[in-house]
Structure formats: structure tokens, C-alpha cells
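Coming up is one lone chain in C-alpha cells, specifically the form predicted alone.
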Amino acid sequence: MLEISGITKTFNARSPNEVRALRGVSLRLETGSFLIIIGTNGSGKSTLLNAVAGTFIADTGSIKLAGKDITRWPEHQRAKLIGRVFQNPFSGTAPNMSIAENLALAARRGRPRGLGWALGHNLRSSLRDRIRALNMGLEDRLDNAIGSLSGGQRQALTLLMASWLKPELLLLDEHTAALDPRSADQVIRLTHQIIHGDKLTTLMVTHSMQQAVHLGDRIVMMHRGQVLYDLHGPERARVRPEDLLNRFEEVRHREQLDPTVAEILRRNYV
């Protein structure tokens, strides 16, 4: 279970460049829930994920995960409980290391280190089986540098690495935004397979209204560092992409946002 209570974060406080990125955000996510976060640029979506991951310490509020108060934990300590996939397919991996070596590191995340072979026969066999399930033909390329792969292949492996040890929480930060449509579809299918197969508690940020309505059991819309809408239960079950777009239109008219925002969202929808 994830409990976020009254989180605030201000960057460049008391300066002309002050940005109140999070303004008292509170969310409670039950174990096994899959929450989708949407919002315009600058709404606080990725900032919220960074606060949970420990990229920075929130100014006020608290964060509890799996019964532990992680509010003041540094990022490397939270990594024992949290898996994360970034927007950039080249983040989260060591490009000059092989596929097998990257996955071996993921398999030992948070465990004691010592002297010994990181890639024994049993682990290599397990890696090959897990990679074969991706249906990307990578199971016979374990010794290839991961940096030599396409963005879609690399992002699929990054997702596999982030979920390898079944973390208490999986964070997905627009993890298909930089991919071509075909690769994005492959990674989304894998995302659905892993999350539902392992019943992972997940927070996913996306700009795609199609992804928002076809994935997850709850949708939160953020604006100006706050939760504007929280759709769950029957309301979530009935929502369509055009319903979400209409809500963005309401915000745009109310706040007089740049009209290009709506056009960007419509392109993602189509």
C-alpha cells in the first residue's frame, strides 16, 4: 500500500523563479492497484513520481510504502522497494554492459554484495526464459551490449529489470512517449502483462488518453500541482478518451491555457 499525505514541493523558493510544483497532494493506493496520472505539462505528474522515488525530499507531508515511512529515505534506499522506468529508453540501464549483465544487476538489486560470479549458469538460464517471453528474439543475444538495441527493445528490457524482483511499487514515467507507435504498442502490451501477472502496485504517468482509459483501474488528473479529478469505481469504468479530453477543455477554458495543449492531447488521442 502507498499512502501519500499532504505532499508539497516548491522549487527556487522566495525567488522570481519560484515554482510551487506540488500543493498538498494526498493519495492512497491499495496493494495491487494500477493508477494512471494524466495532466498538462507542468501539472506536477512527474514531480509527484520523483517525490515518491526520492529524487528529492518533499518540503512537507509524508510518504508511506508497504507499512514503512519512507518520507526521509534517500533515493538509493527507496530503490529496494521501488522499480522505475523513465521516458528515455536509454535511462535506467548501463549501455556498455551486456543484456545479461544488466539483468543480473536488476536481479540483485537491494541484496548484499560479495565476491562471486554474478552470472552463473542457473541465472543465465532464468534470464533466457524471461527474455524469451518478450517475443523479441533477444534470448540468443544475451552477450550483446544493451546500448546496441532499438529504443523499443531497450525499454522492454528496462521494464523487465524494474519488475524483476516484484517491487512494492512500480513507477512508469511516460515510458512509451519516446517510442514509435509499433514499439509503444509492444511495450504497453508487456506492461499490462507484467503488472496484471504479478499484481504490482503501479503509478503510471501518460499523455495518451487511449492508454489512460485502457490501462489501470483508476485515473487521476493533476493541474497546477494538485489533484483535480480522481476517477475510480463505476465512474472510471465508464470513462472514454473523449471524456478526458473534455475535462482538459474545461480546464483550458477556465484557466485560459495555451490552445496548443489541447491539440497535443488530441494528437495523442488519435
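Keep in mind that what you see is a predicted model, and the values were worked out from it rather than measured. The first residue of the shown sequence is 1; numbering continues from there.
Form predicted together with a small molecule: not shown, discussed below.
S.K.: Using a 4.5 Å heavy atom cut-off, which of 213-221, 34-42, 63-71, 226-234 contacts the small molecule in the predicted bound form?
M.R.: Result of the contact check: 34-42.
S.K.: Is it the case that E174, even though its partner is missing from this view, gets within 4.5 Å of the small molecule in the predicted bound form, heavy atoms only?
M.R.: Judged by the heavy-atom cut-off of 4.5 Å, E174 is in contact with the small molecule in the predicted bound form.
S.K.: Decide whether S208 counts as a contact residue for the small molecule in the predicted bound form under a heavy atom distance cut-off of 4.5 Å.
M.R.: Because no heavy atom of S208 falls inside 4.5 Å of the small molecule in the predicted bound form, the answer is no.
S.K.: So in the predicted bound form, is the small molecule close enough to A21 to count as touching (4.5 Å, heavy atoms)?
M.R.: Although the small molecule is absent here, A21 would touch it in the predicted bound form, with heavy atoms inside 4.5 Å.
S.K.: Consider T201 of the chain shown here, and say whether it contacts the small molecule in the predicted bound form, taking contact as heavy atoms within 4.5 Å.
M.R.: Contact with the small molecule, no.
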